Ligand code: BGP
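Take a look at this single chain in structure tokens; it is the form predicted on its own.
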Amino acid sequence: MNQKKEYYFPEGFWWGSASSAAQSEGAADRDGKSPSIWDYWYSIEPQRFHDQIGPQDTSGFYDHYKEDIKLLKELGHNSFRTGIQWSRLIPDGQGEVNQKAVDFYNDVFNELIALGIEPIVTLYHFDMPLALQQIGGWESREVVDAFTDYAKICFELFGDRVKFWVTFNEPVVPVEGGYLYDFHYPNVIDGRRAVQVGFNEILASAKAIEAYHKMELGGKIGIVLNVRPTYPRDPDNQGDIEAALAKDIFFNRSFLDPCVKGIFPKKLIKFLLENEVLPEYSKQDLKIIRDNTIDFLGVNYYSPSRAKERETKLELKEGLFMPDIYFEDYVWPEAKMNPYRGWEIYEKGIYDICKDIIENYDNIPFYISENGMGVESEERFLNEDGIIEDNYRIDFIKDHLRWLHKAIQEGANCMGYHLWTFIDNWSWCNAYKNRYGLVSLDLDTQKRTVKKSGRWFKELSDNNGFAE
């Protein structure tokens, strides 16, 4: 008889899911909230959004939060990452605080805590207040200072109860989407400006960490990075190895190193110097970054990255810089793909990230802050009781947890696993094209229906793992 395999996790392990305020709250123009860059972009270019569905049409957490938090408990959550919308709390980005927003977020955090769910709260999740974008967004030092003030206000208002804070979710994405590859507003394609945006986000994060630690509120503050382990096409080919290294440095180490170690990778500095695109900064900025590193790391993992040596010269306008001059993307012929999202599913990547954190980042405390599978037209899997039988999602989670368990057995300092996401939510330009939730959403009626994976997730949490 085959012996049962067991995948149980450390005591106190976080089981939960992640969401963001901008993708779940709705009520985009109510109760004093001002436009964010998403509200504005949708108003001028709705055709850029799948089925022309914008950020006002979300899962309605603003109106349904009490019901949703009860459902979180019902599905086994002992932790939940949500966020604060800057444009709701401080409508102009700086200055007057919106009391209705204070009341709302107080209620959310109090409800979570009352049900034994640890709130992990993100300060910035791509949703710049439009008023601050109009003065330069993350290119502006004034916005860095405004973010620091906003963070302090959040700590003062909610820090007596919220004990885990996240400065930024995936700060590389505003760089990539907004300033390199045109999939986020302000739709700029300019590597020089992209570098400044990235530097200013790192500085803003460090300044918020500095402020939090000075307040001595007894909690922890970290950052959530989307880490994509980067593999060369041919591990024996030097050109491919160097291409993968360059891609890894630009999109992983550029944030990992300063946030965890307080310093930028030497190779990144070399690349920026040889292209004359170093950001504007002061020695004091570097000291702030060096002295204010994170307490914990959140790792978002969906798919790996692969690279090969450039086979064609990248044609750029004079004076323009793009990281892609050092590599070309590579599609592994053996890749298992999620056809709906166009992303490779590579479960071992989660293990490779954990080993990298052990070996290169002092085994800093971390948790898997997002992992998940978006699927189109899930109504195909409705059973006769009206429940979506998403066995593929259960298998996806199990396949990743096996590798995560192995890494923990080998010493990885992992605190938890969060799925993206709880209820099918609005997803930037993709809107509702792909569904990720443990709970399905009828967008017209706002009715919530637990999927098969939601009930299974409850068992996973109750058992602190699974056996097979």
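Just so you know, these numbers come straight off a predicted model, no measurement behind them. The numbering used is simple: start at 1 and walk along the sequence shown.
Absent from the display: the form predicted in complex with the ligand. The rest refers to it.
Note which of 300, 275, 140, 293 lies within 4.5 Å of the ligand in the model of the complex, where distance is taken over heavy atoms; exactly one does. By the 4.5 Å heavy-atom cutoff, the listed residue in contact is 300.
Note which of 427, 34, 56, 413 lies within 4.5 Å of the ligand in the model of the complex, where distance is taken over heavy atoms; exactly one does. Here the answer is residue option 427.
Interface membership of residue 370, the ligand in the model of the complex, 4.5 Å heavy atom rule: Yes, contact at 4.5 Å.
Please tell me whether any heavy atom belonging to residue 366 falls inside 4.5 Å of a heavy atom of the ligand, as the geometry stands in the model of the complex. Residue 366: no contact with the ligand in the model of the complex.
Does at least one non-hydrogen atom of residue 126 fall within 4.5 angstroms of the ligand in the model of the complex? Yes, residue 126 lies within 4.5 Å of the ligand in the model of the complex.
The ligand contact in the model of the complex: residue 436, any heavy atom under 4.5 Å: Heavy-atom contact with the ligand at 4.5 Å: present for residue 436.
Option from 46-54, 419-427, 439-447, 63-71 whose residues, in the model of the complex, bring a heavy atom within 4.5 Å of the ligand: Contact-bearing stretch, as computed: 419-427.
The ligand in the model of the complex: within 4.5 Å of a heavy atom of each of 192, 254 and 328? Per the other structure, none of 192, 254 and 328 touch the ligand.
Contact set, 333-361 vs the ligand in the model of the complex - heavy atom within 4.5 angstroms: In sequence order, 341, 343 come within 4.5 Å of the partner.
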